[in-house]
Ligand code: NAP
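Below, in C-alpha cells: the form predicted alone, a single chain.
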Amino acid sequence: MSNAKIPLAAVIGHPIAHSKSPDVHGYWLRKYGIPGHYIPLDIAPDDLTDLLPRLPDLGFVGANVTIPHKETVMNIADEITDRATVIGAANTLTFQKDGRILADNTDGYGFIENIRQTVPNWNPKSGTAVVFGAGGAARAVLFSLLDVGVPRIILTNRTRERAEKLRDDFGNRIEVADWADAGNSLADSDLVVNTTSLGMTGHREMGVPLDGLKLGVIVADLVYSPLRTGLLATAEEKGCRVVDGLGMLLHQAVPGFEHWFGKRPDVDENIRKAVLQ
C-alpha cells in the first residue's frame, strides 16, 4: 500500500458555492486519470489569515482564490510573482514542499490566451483597445494588454477617478475617456473589452451606444453568465469577432493545474461543454 498523499487543491472564496472551478479541474482530473481532488472552500475573511497557512499540512498543493480574498492573500503569501504585484491581487496559490506560499495572478494570461484561441490571427500591436471598467479585472486585463504590446488603450469607467488611478499606475499608453463619451471611442478600436459586471445575469446592460463598432473588430466580454451577453449579441450582429468570458475562466486555470498536478491540460470544446452542463 502506498503512503503517498493524494494531492488536494481548492478554490477559496466567500461565498463559493457558485464557482465553476471545481467543474473545470474535476473534468481535467478525470480526463487525465490523475489521483487528486479539487474542492470549494468557503472561508470567511476573518478566518483566512489563520486557515490558509494550515492547508499545506492537510495535503493541499495549491488553491485558486476569488472574491473577497484576492487582495488579502497578497499579505499572507511568502512569495509573489511580478505580475501579481503589478496587478495588486492573486488568484492562484502554489504551496511549496516547505509550506511556503507562492501567489500568482493568471487572470491576464487567461484573458490573452482566450483571445488567441478564438481569434488566432489577432495582432495585439495592430491598433487601439477600448476597455470598460476600472476594477480588479481591469487591472489584470490592462497589464496583459500592455505586456503583449498593445500600443494604445482607451479606458473608460463610470467613476472617472478610478480610471485615472489606473492610468497613473500603468502609464501613458492609457488614455481615459468619460463614460458618457465611451461610445465615441469605439470608432478607433480594434479590440473592445468589457471588464465590468454590466450585462451579467441579474445586472443591468451596459447602456453604451455601440453604433461605432466596425466590421471585424474583436469584442471580448469577461462575463460568462450569460455566455452571449447583450454586448456580444450586438457586436455579432455588426460583424464583429466575439470572445465570450468562459474561455478566460478556462485558460486562467491552466497554469495552476499544471503546477499542482503535473499535467498541462487542454482547453477545448469538450471542457467548455462539461462546464456549461
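Numbers follow the displayed sequence, beginning with 1. All of these numbers come straight from a predicted model, not from anything done at the bench.
One more form of this protein exists, namely the form predicted in complex with this ligand; it is left out here, but the text below deals with it.
For the options 192, 90, 145, 137, the residue carrying a heavy atom within 4.5 angstroms of this ligand in the model of the complex is 137.
With the partner omitted here, the residue from 223, 231, 63, 243 that has a non-hydrogen atom within 4.5 angstroms of this ligand in the model of the complex is 223. Relative to this ligand in the model of the complex, residues 83, 94 and 109 are all farther than 4.5 Å at every heavy atom.
Taking non-hydrogen atoms only, residue 159 approaches this ligand to within 4.5 angstroms in the model of the complex.
Heavy atoms of residue 179 reach within 4.5 Å of this ligand in the model of the complex, making it an interface residue.
With a 4.5 Å cutoff on heavy atoms, residue 48 does not count as touching this ligand in the model of the complex; it lies far away. Mapping the unseen interface onto this chain, residue 219 falls outside it, with no heavy atom inside 4.5 Å of this ligand in the model of the complex. Residues with any non-hydrogen atom within 4.5 angstroms of this ligand in the model of the complex fall in just one of 97-105, 121-129, 159-167, 145-153: 159-167. For the stretch 241-277, the set of residues having any non-hydrogen atom within 4.5 angstroms of this ligand in the model of the complex comprises 245, 248, 249, in sequence order.
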